[in-house]
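We begin with a single chain expressed as structure tokens, specifically the form predicted alone.
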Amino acid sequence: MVGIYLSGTGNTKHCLTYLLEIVDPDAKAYPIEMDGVVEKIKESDVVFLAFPTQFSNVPYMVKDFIRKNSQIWQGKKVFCMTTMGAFSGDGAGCAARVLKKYGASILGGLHVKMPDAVCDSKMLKKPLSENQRIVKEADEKIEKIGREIKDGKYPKDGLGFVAHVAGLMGQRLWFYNKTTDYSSKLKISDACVGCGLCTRNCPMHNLKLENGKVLIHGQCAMCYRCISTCPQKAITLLGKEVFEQSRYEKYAVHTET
């Protein structure tokens, strides 16, 4: 068993690693951008794939990874897990349908609500205490689901017809153009001091530091990792101002092992 994840602000990484601790303490989780991650998948019969939902869809980076490595999924048993700030629809189902095209069998799906990670929008921002409550409830759900999975009972979040319609009509049809490719909307303001942290953090290597200036290459995965960690709050994507840098560590309610 192996876990593979895309995580911008740490929510998805936490949820997957915590689930694996319960289901199989020997299983390791790796970021999808890591060199050698394809080999880790090839070595395992069971794959837990985790990602944040974007507009009731799979991040393009994840879909692109699945398609580019289509040959590795044949015969794999895959569990799809997605995190969401408010509404996921059939987030897990979107990945499951692509994986099935390449020969994977789907064990189940899990949707976990976590604190909103869109740093440059006020829409879903909540007080610290509320985000801590959300994380606590997420951990409780993961603990329950983990015990059930150990007993061979997999949840089916996002895999059914009703969830498919909800995801399609709720967000995906209206925002489909935002998830059909990488984004070119990332913006860097004059507040940037050229520290280079964003260039080191970007899972797509989309940002490059040249002569003290950060250059954008139009291959943004919309993970919000750079935006949530920029010391100057100089980076935006969907909005024009960073309202809160939403890292999982701010809301953690227990110490991970």
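Numbers for residues come from their place in the sequence shown, where the first is 1. Remember, it's a predicted structure, so these values are computed and weren't measured experimentally.
If you look for the form predicted in complex with a small molecule, you will not find it shown, but the lines that follow are about it.
- Residue contact with the small molecule in the predicted bound form: Leu186 places no heavy atom within 4.5 Å of it.
- The small molecule is not drawn, but in the predicted bound form it has no heavy atom within 4.5 Å of Asp157.
- By the criterion of a heavy atom within 4.5 Å, Tyr224 is counted among the residues contacting the small molecule in the predicted bound form.
- The shortest heavy atom separation between Tyr60 and the small molecule in the predicted bound form exceeds 4.5 Å.
- The contact with the small molecule in the predicted bound form, taken as any heavy atom within 4.5 Å, belongs to Ala86 out of Leu128, Ala86, Met123, Met169.
- Only one of Val78, Leu110, Ala163, Met114 comes within 4.5 Å of the small molecule in the predicted bound form through a heavy atom, and that residue is Met114.
- Residues with any non-hydrogen atom within 4.5 angstroms of the small molecule in the predicted bound form fall in just one of 46-54, 33-41, 186-194, 201-209: 46-54.
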